[in-house]
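Here we start with a single chain on its own, the form predicted on its own, put down as structure tokens.
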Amino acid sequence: MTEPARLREISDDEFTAAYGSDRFTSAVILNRLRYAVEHMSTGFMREAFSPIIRDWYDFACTISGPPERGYPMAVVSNSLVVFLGTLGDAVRNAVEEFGPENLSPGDVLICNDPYRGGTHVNDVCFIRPVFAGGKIVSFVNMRAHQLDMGGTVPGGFSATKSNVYENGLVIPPVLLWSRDQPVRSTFSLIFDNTRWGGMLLPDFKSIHQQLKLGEQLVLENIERYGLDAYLGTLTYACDTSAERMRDAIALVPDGDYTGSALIDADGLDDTVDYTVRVTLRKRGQHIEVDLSGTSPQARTCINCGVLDAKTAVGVALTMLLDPEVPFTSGTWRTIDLATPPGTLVSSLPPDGGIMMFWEASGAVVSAIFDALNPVLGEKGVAGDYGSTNTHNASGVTAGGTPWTSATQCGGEHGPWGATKEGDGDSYTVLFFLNNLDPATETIEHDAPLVMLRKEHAIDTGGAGEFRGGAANLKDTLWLSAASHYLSPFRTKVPSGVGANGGKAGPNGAMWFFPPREDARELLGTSAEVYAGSIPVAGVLDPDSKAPDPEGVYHYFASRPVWRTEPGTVLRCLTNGGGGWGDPLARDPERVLADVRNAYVSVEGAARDYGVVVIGDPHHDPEGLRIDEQATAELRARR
């Protein structure tokens, strides 16, 4: 196969012939378009009413090319990666089904079907065609999470729903605005089927305005630089991604590599294992990702669609091989994805429900890490906390006001694994998310709760020359009765696997603590405290109920809905991030700093790193010092 010419090596004349402008102009246009999607994003987040948009950044903006060029997704916002990976296909599928010939200036086309466009029904795609010279030359797009789209669970976040009908309203490609006039029938369809329409309506209006802004900015570029230069720049952006990904894939030795990752269970019981299996066949600058052998689609909505699996493949290869690859349609040009229909990562309607899609596609990322980390050596990347452990609750206050709290009080944020560059971050989101962390003040304002604790847990980063990020420990006091839906998916085996000789981070768990007289006082973390808990998930000691790798597994949906009384505390401990490299190669001074900063205990320093630290980290952290001789002797015995 003839490899395409490298972009740096083609002549200026060849560049202009291929892309409709010189290199400098293409770079200027591309940066102006990147500004356009960020401008749209900033405006929307500033105006959003829904907390999951305002506080979580649960949306994304893109610019795509016209139908005759295959709808290339060339420009993406710096936001939610699971949206960016699927939006290119979502725009093409929605517009092709609706018919590009049926679109007019001022239209906004919407669609939220996971099988047409990826992710889940709460994520609605808003697509606006951009016309120039009487024809469609581009699309400006946004996908934004809506707080509720109907279904059996308020807010939607639950692993207990069993089919697409229970999940919520499915919208095929239809117009929401026609020539900038709202389509009454579509608005009625949505607002007759959703809760909290008071928050959705202003957000819809803001999205309409942001799309008009994006259209205006695109047209300004076309007016200034010409249509050929604009369209050529879209192609150039995709070609750049494709070339960079080809170069990254070429770094992997040719061969076949296998890996797997486990999801604990579904929302019915824990009798069925759900495993993602992958075989990577690497040849030259091309790679085939074969997901054959993955478990059949689940009995509940823990599945993802094939477009989400495709996103996961792009994220995993980018993270492992070249994090600087721009995420465009070109990213996957030399990647083939093979997966049979009807699996956990390619489910089909109506029974293969899709809601917690990022958990299944996240297992695809983990399986690819499992396959390639042994091959990559020092370029390997240790695993993250694996699951968002999503919490979703609702209820009514004593005054009769309905409330909901979605993705705020579980283990939504946690650690990454370490790399050859340094320690893993300790409080972020999964590798393929890119969300913000809601402020405690807004969480407590929007729902009847008090956030008692949100902190790093000691001795939970996987040991290594570079340490994995620490697990997060979060306690939430619920002031009124509540119905909770809890979805921790990765507590059986470590998700924070080690790389290049590093150790895995330990597993987390979830518990409820019944109401106490001193409810606003901090709960401790001793075994005696856990003994009074009600376990929700995790592998725990049968007596103390504290985390124990040799203990008893507790199934997160043993109660589909966890109903609690006022004064109950929910505790969530995430998994720890994996370590990178030999722990005995870690600089003892870095271990001393970890003890001083409560990432590692004095006992953990000796046990995991062979470093003997003397002193009292609680009452005299500045007085801590290393016993050099004892450390040398301890490391020599390992």
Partner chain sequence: MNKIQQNPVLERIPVDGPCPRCGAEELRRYPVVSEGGWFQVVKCQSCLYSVEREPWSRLGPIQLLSDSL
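Numbering follows the first chain given and starts at 1. None of these values were measured; they are calculated from a predicted model.
There is also a form predicted in complex with the partner chain; it is not shown, and the following applies to it.
Undergrad: Consider the chain as shown here, without its partner, and state which of R92, K503, K545, H145 has a heavy atom within 4.5 Å of the partner chain in the predicted complex.
TA: Only one listed residue qualifies here, and that residue is R92.
Undergrad: Heavy atom within 4.5 Å of the partner chain in the predicted complex: which of G524, P202, G342, G532?
TA: In short, G342.
Undergrad: Considering only heavy atoms, tell me if R283 and the partner chain come within 4.5 Å of each other in the predicted complex.
TA: So R283 counts as contacting the partner chain.
Undergrad: Considering only heavy atoms, tell me if D425 and the partner chain come within 4.5 Å of each other in the predicted complex.
TA: D425: no contact with the partner chain in the predicted complex.
Undergrad: Would S480 count as touching the partner chain in the predicted complex under a 4.5 Å heavy atom rule?
TA: No.
Undergrad: Although the partner chain is absent from this view, report whether L321 comes within 4.5 Å of it in the predicted complex, heavy atoms only.
TA: No, L321 stays farther than 4.5 Å from the partner chain in the predicted complex.
Undergrad: Since the chain is shown here on its own, which stretch among 328-336, 133-141, 75-83, 486-494 would lie within 4.5 Å of the partner chain in the predicted complex, judged by heavy atoms?
TA: Among the listed stretches, the partner-contacting one is 328-336.
Undergrad: Is it true that Y35, G43 and R128 each have at least one non-hydrogen atom within 4.5 Å of the partner chain in the predicted complex?
TA: No: none of Y35, G43 and R128 comes within 4.5 Å of the partner chain in the predicted complex.
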